[in-house]
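Two forms, one chain: they're shown below as structure tokens, one block per form, named structure 1 and structure 2.
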Structure 1
Amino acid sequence: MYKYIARRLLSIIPILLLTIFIVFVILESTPGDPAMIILGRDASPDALNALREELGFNKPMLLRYLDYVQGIFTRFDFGESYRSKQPVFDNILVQFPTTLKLAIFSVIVASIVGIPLGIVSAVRQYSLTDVALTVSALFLASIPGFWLSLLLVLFFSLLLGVLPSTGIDSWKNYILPVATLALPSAAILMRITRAQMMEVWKQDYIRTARAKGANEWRVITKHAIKNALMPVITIVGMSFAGLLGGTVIVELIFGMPGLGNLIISAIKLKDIPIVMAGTIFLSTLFMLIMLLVDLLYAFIDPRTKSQFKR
């Protein structure tokens, strides 16, 4: 088991380096001269050259990449913002909690709504409830998040005036953004829980449990759910990882000072170090969460666990 964990941990290092490389190469090719962005349009050629020298822009890209990676791994140095001259990592740490809160609340709401509905849908297979739930799940998957948030703002903020539409002053500010993010995730969780439950429902041990006279409730709670929810845990983890990088537009619409908002405004200002650091930060988190989900899955599933004991 420990060997497995160690191997998995080691295996993400090359992927991490590769991800940083891809992001680095894409963003380094953004048109525009960084020295010009920092010093302004009417800076003298000498000053521009001096700054390029200082920032290392006259070195080949591969060397700059190595410097960048070394900075990240040895001192969490993601460079400085072109605009504010502040270390980018401080900026990220200030903005990240809002994004993290959004993602955590959303994944909790999505699980509370999606998983039970999936179970109901599977147990009442092909009933009116099931058809209604399946169709609404498909409908939710077809609604763009940004439009859903506009509708929610229109109804709850502008029409009824009960919920605020921008800011992060109170917990009420989180209701609409979390609803926007959680509903589509709930729909995915519902679909997968339903499929898993239906798979388990056909198994022999369910028939055995019934034959032994267990009532329906006991069959569902004791025998079916435990087995069906195993893969669902992976999907919950994946949704969480996806949500961390998927709050961008919602943060923008609801004016929340999160990482997504930071990155978007940096893209518009061509403040590349912030974009690069933010993207790398979120990608790394995604990677780590997926790894954690994998390990957790291996740990809780007795079938996988037994493979490593041998």
Structure 2
Amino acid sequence: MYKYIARRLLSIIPILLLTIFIVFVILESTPGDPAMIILGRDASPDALNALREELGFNKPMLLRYLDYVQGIFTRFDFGESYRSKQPVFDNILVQFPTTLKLAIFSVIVASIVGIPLGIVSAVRQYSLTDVALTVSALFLASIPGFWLSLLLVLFFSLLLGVLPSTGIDSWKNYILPVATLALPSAAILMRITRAQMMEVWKQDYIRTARAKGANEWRVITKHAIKNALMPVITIVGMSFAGLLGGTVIVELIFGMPGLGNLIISAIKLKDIPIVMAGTIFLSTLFMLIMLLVDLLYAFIDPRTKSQFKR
């Protein structure tokens, strides 16, 4: 298992190098001069050239990329924000807790809602309950996040006035953002859980358990769920990892100072160190979470331990 973990951790390095290069190319292709954005359009050419020299923009892109990578791996230096003149991780670590809370609350709500409803839908296959849940899941899975968030704000904040639409002052501020993120994820989890339960429902060991006299509740809880939830765990892990970097629209609409909002603001201002560090941070988190999901398989299904011995 330790060799497997070591290989997975080492594989993060080339993926990050490729990610950094791709983001570098994208930022290089976008219009805008960071020096002019920082100093303003009225700045003198000498001041602009001096700042470009200080920031390293007079060097070719490939050299800047190599300098940046060298700084990360030799000094763990991700640079300073062009705007705040502070180390980029000082900005990221201040705003990341808001994004982390949104992701954790959303994946918990999505799991609590989606997985049980998927089991109910599979057990009552083709019934009115199954049809209603399936239609609702398809609707929620296909609805755009920005539209759902605006509908929730319109109904609960403007019409009813029961929930705040912006800020992070209290737990009530998280209800609408979490609902916006959790409902589509719950719909996807419900559909996947239903499909897996229906597949497990056809297996021989389920028929054997019934033939031995086990009631439906015991068949579901002791035999079906454990085997059906293996792929669902992967989706939950991917949903959580994706939510860490996918809360941008929600943070913008609900005015929440999270990491997504920080990166979007940095892109507008072409604050390259913030964009790069935020991308590296989220990419690393995603890969570590997926590694944890793979390791979790070994505790749920001992048969998967064999892959860790290779």
Partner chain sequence: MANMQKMIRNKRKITSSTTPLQDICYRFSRNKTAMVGLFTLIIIVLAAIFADAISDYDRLAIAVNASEIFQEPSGKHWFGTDFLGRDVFARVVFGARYSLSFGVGCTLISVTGGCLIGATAAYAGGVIDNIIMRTLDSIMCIPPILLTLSLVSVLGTGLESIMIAISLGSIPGFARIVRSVVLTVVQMEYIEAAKAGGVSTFRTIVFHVLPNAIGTIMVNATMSIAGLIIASAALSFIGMGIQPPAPEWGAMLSESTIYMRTYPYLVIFPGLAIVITALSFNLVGDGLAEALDPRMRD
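Just so we're on the same page, rigid core means the largest C-alpha set that superposes within 1.5 Å between forms. On a predicted model such as this, the values are computed, not experimentally measured, just so you know. The first residue in the sequence of structure 1 is number 1, and each one after it adds one.
Shown as structure 1 is the form predicted in complex with the partner chain, with the alternative form given as structure 2.
Core-superposed comparison between the two structures: the Cα of F24 travels 2 Å or more. Core-superposed comparison between the two structures: CA of P34 displaced by 2 Å or more. Positional change of M290 between the two structures stays under 2 Å at the C-alpha, relative to the superposed core. Lined up on the core, L10 has its CA atom moved by 2.8 Å between the two structures.
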